[in-house]
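Next up: a single chain in structure tokens, the form predicted alone.
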């Protein structure tokens, strides 16, 4: 049987992972022992974390149900919370049956609201503009990536790949020996597969997955990327731990994030500055941190990376067609002022002023003597050998 089980005393959590397919119940002796030990030590709630349990046959399920029923009978004040994931589609349905054993048992699909801003950022109208964003940033990143360890022939994972355009560019520019692109948004993955097919790009493995609990073995990739994504999670440290885990010793993890309050433009600089300061506050309301960029070094150091390299670049209206820059800003206005500020409950007067700053940024971008900028921070770290 290829499954693991461990007990985390600090979180009162029993974690099961892998494929649990015993031929007989007595093969689950270790699980029974660890479960009984956990129930005697816990006060309050015992969490059964099955987010990474990719297979479970009937023998294993019935034994687990028996362990749970016995624990509830022997310890009536014990609560048991089973934590599942939508990435493993059968999991929530299967384990929901345990909730019928006792009112003290609950089953939670933890990623039902995967991260606070997912519904906003997966809006169908926002997907096409992401390709324009990547077009603007790629001019810089194709030169930056080699300085952070990217080279041809590596095994590469692009986590939170979104619509997959960055993975497609990596495939064409650096010809990885393997390229896996993972995202939790099914609409984005569908779009990614279409883009790859339209461009005739083969060999990218597009996978539905949860960045905070990847169904990927340890030490798999030479180079792991995660762009513009830590800033949209309320617990970015969980994502970094996963990136660290799947990276090979000696390999590198590469991340990009923003500090939106440093967006700038002239003319009409004061209006632009006010609006982007407010963007940061709107994101914070939804438990996201659009100011994360300069914090990347600290996050990477806390995770355990060494040889941390960090730099920043400014995407501007001079990077190709200024209309591309203007289109990106317009998309931001539609999402941040047209949706997020409304959901936050902002007044019409505030939203009107908020929108004006985006329009002034567009004005600066398209003005024949204007300048408009959008700063991005790059950081990478090596997993110690």
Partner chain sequence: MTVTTGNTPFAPLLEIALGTDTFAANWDHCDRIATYVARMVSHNRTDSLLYANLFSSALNELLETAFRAHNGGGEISCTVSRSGPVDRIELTIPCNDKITSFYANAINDLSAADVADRYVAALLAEGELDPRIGLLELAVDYKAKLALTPMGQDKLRLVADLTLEDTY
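Positions refer to the first chain, counted from 1. For clarity, a rigid core is taken as the largest C-alpha set superposing within 1.5 Å between two forms. Treat the numbers as computed from the prediction; the structure is a model and nothing was measured.
This next part talks about the form predicted together with the partner chain, which is not shown.
- Heavy atoms within 4.5 Å of the partner chain in the predicted bound form belong, among the stretches 254-262, 89-97, 148-156, 308-316, to residues of 89-97.
- Interface membership of residue 193, defined by any non-hydrogen atom within 4.5 Å of the partner chain in the predicted bound form, is confirmed.
- Using a 4.5 angstroms limit between non-hydrogen atoms, residue 12 is distant from the partner chain in the predicted bound form.
- Taking non-hydrogen atoms only, residue 19 approaches the partner chain to within 4.5 angstroms in the predicted bound form.
- In the predicted bound form, no heavy atom of residue 335 sits within 4.5 Å of the partner chain.
- For the residues 38, 54, 351, 340, the 4.5 Å heavy atom test against the partner chain in the predicted bound form is passed only by 54.
- This chain lacks the partner; the member of 299, 208, 244, 286 within 4.5 angstroms of the partner chain in the predicted bound form by a non-hydrogen atom is 208.
- For the three residues 71, 75 and 78, a heavy atom within 4.5 Å of the partner chain turns up in the predicted bound form in no case.
- When two forms of a protein are overlaid on their rigid core, residues whose CA moves 2 Å or more are considered shifted, and residue 28 is one of them between this form and the one not shown.
- With the core held fixed, residue 70 shows a CA shift of 2 Å or greater between this form and the one not shown.
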